[in-house]
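The chain below stands alone and is given in structure tokens; this is the form predicted on its own.
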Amino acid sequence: MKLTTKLMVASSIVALGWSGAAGVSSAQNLEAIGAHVAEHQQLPMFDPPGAPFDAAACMADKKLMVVPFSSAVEFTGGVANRMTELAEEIGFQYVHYQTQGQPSQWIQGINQAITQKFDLVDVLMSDPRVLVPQAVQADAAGVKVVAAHAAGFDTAAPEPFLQVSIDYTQAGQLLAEWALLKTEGKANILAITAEDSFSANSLVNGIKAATDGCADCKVTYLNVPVTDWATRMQSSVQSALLRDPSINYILPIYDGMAQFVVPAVELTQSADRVKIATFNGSPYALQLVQEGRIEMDIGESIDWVAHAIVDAEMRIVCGLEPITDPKVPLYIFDASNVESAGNPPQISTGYGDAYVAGYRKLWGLQ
């Protein structure tokens, strides 16, 4: 069984159709953008990703392993830990194989899943392209291999990986739409990418979907590999701002970049004209939103993500209809609502709790 991958930009993307037009056409586009952004400023509601099933019964003898990109990273480690807790509540074994972001550790985790005859191994948020030989071995041994939260619906993982995709494309779209809305269609965007990250392609696709054909928009892409963030990010952003003083928005596609972007904006004395919008909802970045140093951060609840991945993976090992969209919401935090994330901000806080009862009902636990 294989999860269906949508090899196209997510259907939820608003068709902008700028066509280089102005006046009425431009106003209509901005109205559509405003409505789309507003949807993601509403507290998320639970939308079941599939039909109900008896999770405890079908998972009773199953054994799963998660090998995250890094157990030490707040987001990936937090999701992995929560997945194991949910499994315990349901009544099956889910092992968190601890890593520190080293590919050799991901390989060791997959090998252990093979030798110990696990039903499924999830290389959570890692780049599946570097693990194809190990995935082939696991698949041959009867271990299902999943790349969860690794890319959007428009980016297919290599065979034999199954996917639990997140709508990264829409996240990129919302970042660009925010800039277009705030500048009334006259955004000059510096989009910071990391091409060595598997999900970057989907985020960039979303930015392009929102801005292509916009006559008064400009987007410059700056690629800074993840391994170079600490050494190159700040200086590269400073250089870009000095080279083009008309830049009015910076879109770091991950808010882990923000710790280097914010100082670059402030040291170039650009904070009055250059705003920052980013993605992930990390607590430290939401603190910067509270301080007014980041304008907007699109958040994902770690707890909601964990529920969604566990749901999709249980369906895989139970032989049920696979999930094509886990329906993890994207929620915009800005000055108007960021206090709901806590003071200081806390993990998975501010998203509401509609999903908690929703998943338990879906799994037959209540």
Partner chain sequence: MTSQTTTVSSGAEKPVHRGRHNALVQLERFALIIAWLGIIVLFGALAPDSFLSWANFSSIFGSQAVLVILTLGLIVPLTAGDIDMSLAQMLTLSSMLIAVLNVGHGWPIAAAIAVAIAVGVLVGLINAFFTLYFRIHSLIVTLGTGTFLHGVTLWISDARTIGGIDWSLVNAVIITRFLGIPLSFYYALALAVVLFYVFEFTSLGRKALFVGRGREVARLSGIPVTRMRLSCFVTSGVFAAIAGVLYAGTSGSADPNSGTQLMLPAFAAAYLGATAIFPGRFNPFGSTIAVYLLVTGITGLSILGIDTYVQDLFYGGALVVAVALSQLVRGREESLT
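Positions refer to the first chain, counted from 1. These figures come from a predicted structure and were not determined experimentally.
What comes next is about the form predicted together with its partner chain, which does not appear here.
Three-residue site S236, T268 and E291 fully in contact with its partner chain in the predicted bound form at 4.5 Å by heavy atom: Every listed residue reaches its partner chain in the predicted bound form, so yes.
Location of its partner chain contact in the predicted bound form, chosen stretch of 283-291, 154-162, 200-208, 115-123 [non-hydrogen atom, 4.5 Å]: Of the options given, it is 283-291.
Candidate from V132, V73, I107, L181 lying within 4.5 Å of its partner chain in the predicted bound form - any heavy atom: Only one listed residue qualifies here, and that residue is V73.
Contact assignment for its partner chain in the predicted bound form, among W229, Y249, Y97, Y254, heavy atom within 4.5 Å: Here the answer is residue option W229.
Exercise: I347 in contact with its partner chain in the predicted bound form, heavy atom 4.5 Å: Residue-level check for I347: yes, a contact with its partner chain.
4.5 Å heavy atom contact, G101 and its partner chain in the predicted bound form: No, no contact at 4.5 Å.
Proximity of A140 to its partner chain in the predicted bound form, heavy atoms at 4.5 Å: Result no; A140 lies far from its partner chain in the predicted bound form.
Touches its partner chain in the predicted bound form: F260 (any heavy atom, 4.5 Å): Because a heavy atom of F260 falls inside 4.5 Å of its partner chain in the predicted bound form, the answer is yes.
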